[in-house]
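Encoded as structure tokens, the following chain is the form predicted alone, with no partner shown.
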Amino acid sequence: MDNQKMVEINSGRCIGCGLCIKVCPFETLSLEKGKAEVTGELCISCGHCAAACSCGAINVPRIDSSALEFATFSLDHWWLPFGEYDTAGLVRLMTSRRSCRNYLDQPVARQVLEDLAKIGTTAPSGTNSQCWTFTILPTRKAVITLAEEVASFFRKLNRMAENVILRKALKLVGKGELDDYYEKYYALVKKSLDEWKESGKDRLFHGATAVIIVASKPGATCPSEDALLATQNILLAAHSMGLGTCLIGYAVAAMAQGTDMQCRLGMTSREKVYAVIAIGHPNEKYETVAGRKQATLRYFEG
């Protein structure tokens, strides 16, 4: 990388405090004659240096100045210091968000969906690669189109699973996935497909009026983690905006079997889908938060 273009330092403003040097993860900066300068070989455009600079002497050109400009709310750009947030309030938001499977027939504004995608990008990513992509299906019509694609995949899979000889033959050669699918999911999927065909009952997207598909382009060091962290941001933000969400694993599974489906949605064949989020105005409410299963917790002090 051309680091002179990745980080720009105004020597006239720099006061030589060294804070930018301290927070740089790759020792890209150093003090030269009392001023910060780019001297290292690597820059990932994380923006730590600019965020730490109190005199506005640092600019990171690759950072999009509009990335934190939202259409539906205003963001306070001052950094929130460690410990200066209500932990109980944060956990209440986390525990109040539930998978929503009942939606009103009401569209979600496109600006809201775009803001949710932007909020997704505030998640951390490995080596700040930020290779995620967000494909927005903003209408019920678009959601139904994807639902039909997913249903078509599972109809074919169910026909294969109905073939006892095929299932057992694959299992004998160490490929027992089809037999496992038949035992665990076939009956439920068949029932859902029959209801979709006969009455239009939507057991896949549950009547949601929008979807955001979170995927990753090649080049990320840990793409699945990046995408799922961004997904969690979207889920929590949607709840705070009055929206319900549900992760649709069946859609992810269907899209993982080939790139034709995602190409028809305008995605590239090189993207890999990690989450499909149903979004809509919820038609359900709860009185209390629910507990969780007992977690495995251990210490190692060796």
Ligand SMILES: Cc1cc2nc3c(=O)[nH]c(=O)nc-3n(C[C@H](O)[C@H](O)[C@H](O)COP(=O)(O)O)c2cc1C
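The numbering used is simple: start at 1 and walk along the sequence shown. Values in this document were obtained by computation on a predicted structure and should not be read as measured data.
The same protein also has a form predicted together with this ligand, omitted here; what follows describes it.
When contacts are judged by a 4.5 Å heavy atom cut-off, residue 277 does not count as touching this ligand in the model of the complex.
When this ligand is considered in the model of the complex, residue 249 lines it closely, a heavy atom lying within 4.5 Å.
Looking at residue 171, you'd find every heavy atom of it more than 4.5 angstroms from this ligand in the model of the complex.
Residue 98 belongs to the set of residues with a heavy atom inside 4.5 Å of this ligand in the model of the complex. Of the candidate stretches 255-263, 240-248, 24-32, 43-51, only 240-248 contains residues with a heavy atom within 4.5 Å of this ligand in the model of the complex. Applying a 4.5 Å heavy atom cutoff to this ligand in the model of the complex picks out 206 as the lone residue from 206-227.
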